[in-house]
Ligand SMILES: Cc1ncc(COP(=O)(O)O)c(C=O)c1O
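Single chain ahead, written as structure tokens, the form predicted alone.
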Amino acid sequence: MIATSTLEISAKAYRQNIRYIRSEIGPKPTISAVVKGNAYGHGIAQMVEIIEKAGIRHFCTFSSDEAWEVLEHSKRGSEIMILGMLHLEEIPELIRKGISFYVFDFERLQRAIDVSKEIGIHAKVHIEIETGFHRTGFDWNQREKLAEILLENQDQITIEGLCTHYAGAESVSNFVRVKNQIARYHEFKDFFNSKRIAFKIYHTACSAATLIFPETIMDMVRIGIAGYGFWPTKETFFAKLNSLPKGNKNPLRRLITWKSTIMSLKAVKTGEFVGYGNSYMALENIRLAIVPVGYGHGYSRMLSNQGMVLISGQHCQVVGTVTMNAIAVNVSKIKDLKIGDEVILIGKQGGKEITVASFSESTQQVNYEMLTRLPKDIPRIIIP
């Protein structure tokens, strides 16, 4: 079966990104590779292989289904940690497989303790605390009860980590809020120390916090978007600009290249409309290339009449409405085209590039949203 488009995933680029992250955090902290959202659209199966070959042995997933997929594809006995959703009935099997998970309410904590007693295997739990994100985590006023339970059951469970998540470390507008979160985290840490409750690791930093708030680099950093070659925001990049390696304007390398081919070529005369409705009328005789990728493949309808692709090393504009399965591209300036010629939707060709950032800005999406909307059925191909 030949697909209408493919995603090429560069293992070399990932290795470069990890080298840069390591240069920022030093040799000691563990790097946990975040592969939630189908590895930010890159494909969990492909990224587990790439990540493990890059020497990383720790993975973060949001949910249990992602954790099981990582476990299925892991070849190096890597650790797996669930940040969010799991079903309580899964806890016995998660414990048996050695998969750790966040605990952020008493129901999940008690279930982990009960199952550990029943099966005689310690659950590996990370205690998530509420520092100001206000999504999940034990509140400050729950600390005494939490400490009491942990002390009573420290022989039943393994208290892996003390963790939290920052509310927008990638944005300068959140600077004070994040600083307050850091302070609250240390208040929790000091409280648990006073109760003689020790955690194996302390971890709070996502990609943005790792790059902008060095005080959040503790025993482990949870690297998501930066590992895939993207700065969390422009602000993050500008904050690091003066400290970047000399002669290297951007040490992060994008992994992903999205490719398709020309399906059909069509001549359109002056005054004729292209595609559905009347959003585009040819003001002169033009030639179109039809590309078999549409909003059903993750190419947003918001790119109608403004998206760009690369064909024969030249930027070509999408004209007319993006349909479910195809786009029309103005190729009037290119000679000698034929069906089957390569089309770059995201990536480089002939010295020019269409970045995910430019693609995302055109659709008013952030990098994260655009990447994770790439359908799973688009083949992912690892490029060494």
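Each residue number is its position in the shown sequence, starting from 1. Just so you know, these numbers come straight off a predicted model, no measurement behind them.
Omitted here: the form predicted in complex with the ligand. The next part is about that form.
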Tell me, out of 125, 303, 225, 220, which residue has a non-hydrogen atom within 4.5 angstroms of the ligand in the predicted bound form.
225
So which of 58, 53, 36, 315 reaches within 4.5 angstroms of the ligand in the predicted bound form, heavy atom to heavy atom?
36
Heavy atoms within 4.5 Å of the ligand in the predicted bound form: which stretch among 116-124, 205-213, 282-290, 179-187?
205-213
Hey, in the predicted bound form, does residue 146 get a heavy atom within 4.5 angstroms of the ligand?
no
Partner proximity in the predicted bound form: residue 83 to the ligand, non-hydrogen atom cutoff 4.5 Å:
yes
Is residue 20 a contact residue for the ligand in the predicted bound form, using a 4.5 Å heavy atom cut-off?
no
Would you classify residue 135 as touching the ligand in the predicted bound form, given a 4.5 Å non-hydrogen atom cut-off?
yes
Heavy atom within 4.5 Å of the ligand in the predicted bound form: which residues of 158-181 qualify?
165
